[in-house]
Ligand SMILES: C[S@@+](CC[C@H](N)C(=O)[O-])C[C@H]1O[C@@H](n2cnc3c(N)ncnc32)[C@H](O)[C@@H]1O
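Encoded as C-alpha cells, the following chain is the form predicted on its own, with no partner shown.
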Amino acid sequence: MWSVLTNDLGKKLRFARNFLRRRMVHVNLQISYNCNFRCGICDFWKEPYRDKGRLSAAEAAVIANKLNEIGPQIISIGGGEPMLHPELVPIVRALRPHHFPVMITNGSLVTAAMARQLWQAGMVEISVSLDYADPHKHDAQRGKPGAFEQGVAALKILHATRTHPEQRVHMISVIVDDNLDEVEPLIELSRDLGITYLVTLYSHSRGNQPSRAPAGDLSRRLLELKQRHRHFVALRGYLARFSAAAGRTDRSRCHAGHNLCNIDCRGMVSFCIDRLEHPAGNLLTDNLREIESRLLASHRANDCRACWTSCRGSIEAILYGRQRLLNAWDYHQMTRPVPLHGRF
C-alpha cells in the first residue's frame, strides 16, 4: 500500500503541474460500444457502433504508456457499458501505473466480487447513472426494467467494497427536459447511501431526439440545491452555465482537443466524444506528438457550442472560470478521501 501511495503522490504532482499549465488532463476512453441498456438519450448502442470491436488490455497498456509522455491523465472508462468488457479489470491495471482510471456505469452488472477486483486493480472513482427518483421513469429512460433497483444496489456495493479512502463513489444524473424536479430526491437518496451526487447536461449529439434541453432558470435551481445539500458536489462554476448551455446562448470557447480528448475502442483519437468522424490519428500506431498537434489544430478550428457535459465543463470551470478558488474547493469536495465504511 505504501508503494502505491508514493506512486500516487508522484502522479498527483505531475498532474497538478500539467493542470496549472493548462495541458491535456482528461481522456474519455471507449473500451467497447456494447451495451445491455437501450437508453433514449444515447445512440452508442445502435448501428453503426455495434461492430467496432473492443479495446484489449494489451492495447490499453500501449495507450497508457504513450499518454504518459504527456503526463498523468484522468481516464474516464466508458462505452457502451464498460462492465460488459471481459478484460475490464486488466484494463484498469494497465492504466493505473501512470494515470487515474475512473468509470461511469449503469450499475446492472455490479457484484461484490467484481467491485472488489476493480478497486484492487486501481480504479479511483466509479459513478452510477440514475436519472429519476421514480424507478418507473428511470427504467423507461434506460430501456431496461429493474434498472433503478440495480443502480441503487450497485451504489451500495461499490461504496461498501472500496479498498482505499481516496476511492470515491458518486451517483450521477443526466439533466434533461423532464427530470429537474427529480434532482433533490436523488440528492437525498445519495445522502442516505453515504455517497455524493453529480449531474451532467444532456448532449443532443448523443441522443436520438432533436432536443431534451430543460427550460427555465436551470442554473439558479441547481445552485440553490447545491447550497442546501453538501452531498451535491458538482462545481458551482459548472452549474452556473447550465442555463446558457441549455438555451444555446453560451458563447464560451470549447477546450476539447486542448485539455481533453476521446479515444475509441480501436485507438482512434478525436478531440471530442461527439466528433468521432474527425479523428486525429490512431494512438496504437501513430506518433503521439503528431496526434497532439492535430488535436490542437482541431481545438483552434472548433466553433462548436453544442454541449456542456461534465467532462468538458468541470475542467473549464476550474481552469477558465471566474470563481477558480471556489471551484477548486468544490473539486476538493468531489475528490477528497472518505473513510472506508464511512459516509461523506
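The structure presented is a predicted model; accordingly, all values stated were derived computationally and were not measured. The first residue of the shown sequence is 1; numbering continues from there.
Keep in mind that the form predicted together with the named molecule is not shown, yet the notes after this line are about it.
Student: Given that the partner is absent here, does I172 sit within 4.5 Å of the named molecule in the predicted bound form, heavy atoms only?
Tutor: Looking in the predicted bound form, residue contacts with the named molecule include I172, since a heavy atom lies within 4.5 Å.
Student: Indicate whether the named molecule has at least one heavy atom within 4.5 Å of a heavy atom of Y197 in the predicted bound form.
Tutor: So Y197 does not count as contacting the named molecule.
Student: Taking the named molecule as it sits in the predicted bound form, is F242 in contact with it (heavy atom to heavy atom, 4.5 Å or less)?
Tutor: Contact check for F242: no, nothing within 4.5 Å of the named molecule in the predicted bound form.
Student: So, in the predicted bound form, is S298 in contact with the named molecule at a 4.5 angstroms heavy atom limit?
Tutor: No - in the predicted bound form, heavy atoms of S298 and the named molecule never come within 4.5 Å of each other.
Student: If contact means any heavy atom within 4.5 Å, which of 256 to 264, 179 to 187, 162 to 170, 72 to 80 contacts the named molecule in the predicted bound form?
Tutor: One stretch meets the cut-off, namely 72 to 80.
Student: Tell me whether V27, H99 and N282, taken together, all sit within 4.5 Å of the named molecule in the predicted bound form, counting heavy atoms only.
Tutor: No, because V27, H99 and N282 lack any heavy atom that approaches the named molecule to within 4.5 Å in the predicted bound form.
Student: Heavy atom within 4.5 Å of the named molecule in the predicted bound form: which of L218, L201, V110, A133 fits that? Just give me the one.
Tutor: It is L201.
Student: Only one of I318, I63, I291, C42 comes within 4.5 Å of the named molecule in the predicted bound form by heavy atoms, so just point that one out.
Tutor: Contact residue from the list: C42.
Student: Using the arrangement in the predicted bound form, list in sequence order the residues of 89 to 110 with any heavy atom within 4.5 angstroms of the named molecule.
Tutor: If the 4.5 Å heavy-atom criterion is applied to the named molecule in the predicted bound form, 89 to 110 yields I104, T105, N106.
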